[in-house]
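Take a look at the structure tokens below, where one protein chain is shown in two forms, each on its own, as structure 1 and structure 2.
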Structure 1
């Protein structure tokens, strides 16, 4: 097997590995019912994906892990506001107030 053949084989395998799991939900549709445990676990998938995107940005500043930084404080304020008041605008207001206050007010 030469380099070109193996490269195309890798491309095809990667394409199948990414397409088949996504297509299985569309092709199978309602014919297959997922177990209750899996359905409950899938409810947390969007929150887990959002946390996986947001948390590294809150903790890493300048390619270094910094536990105490304005972004993390703003994130904590936003989470606290969302838990306490259930208003969709208050997390934005609380988070931005803390972030801007720490950056421009205290110069952090």
Structure 2
């Protein structure tokens, strides 16, 4: 894939989109407060966004919904590992083992 100079523009814009929320109240000080309703709604943004990014990638193969596919199996392995153990490496090891095992071992 080819990425040109516009990629750097994208980085800068993503940088702004991530720094402005973090800096917002620290820079503004206590002059402004956030309504409780907004605070409560904002808490759901990351979970919704993470799922909106990951789930389609696990369920869709070549634009078709496919429940039995190596990526979904690997995702389930990663979920199981992170539910059961605190070790930060295990989900990666479990997920990649299942993905590569199914791809190379079973040729899926």
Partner chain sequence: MTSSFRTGAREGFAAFLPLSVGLVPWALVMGMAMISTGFSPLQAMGMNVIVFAGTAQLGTLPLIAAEAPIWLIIMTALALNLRFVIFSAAIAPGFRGTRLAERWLAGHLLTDGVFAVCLDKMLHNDDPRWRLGYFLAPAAWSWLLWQVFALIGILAAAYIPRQWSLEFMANIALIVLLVPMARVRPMLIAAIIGGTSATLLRNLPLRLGVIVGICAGIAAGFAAENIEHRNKQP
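Positions refer to the first chain, counted from 1. Here the structure is a predicted model, which is why all the values come from computation and not from measurement. The term rigid core refers to the maximal set of C-alpha atoms that superpose within 1.5 Å between the two forms.
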item	value
Number of the structure representing the form predicted alone	1
CA of residue 62, rigid core aligned, shift of 2 Å or more between structure 1 and structure 2	no
Per-residue C-alpha change between structure 1 and structure 2, residue 53, threshold 2 Å, rigid core fit	no
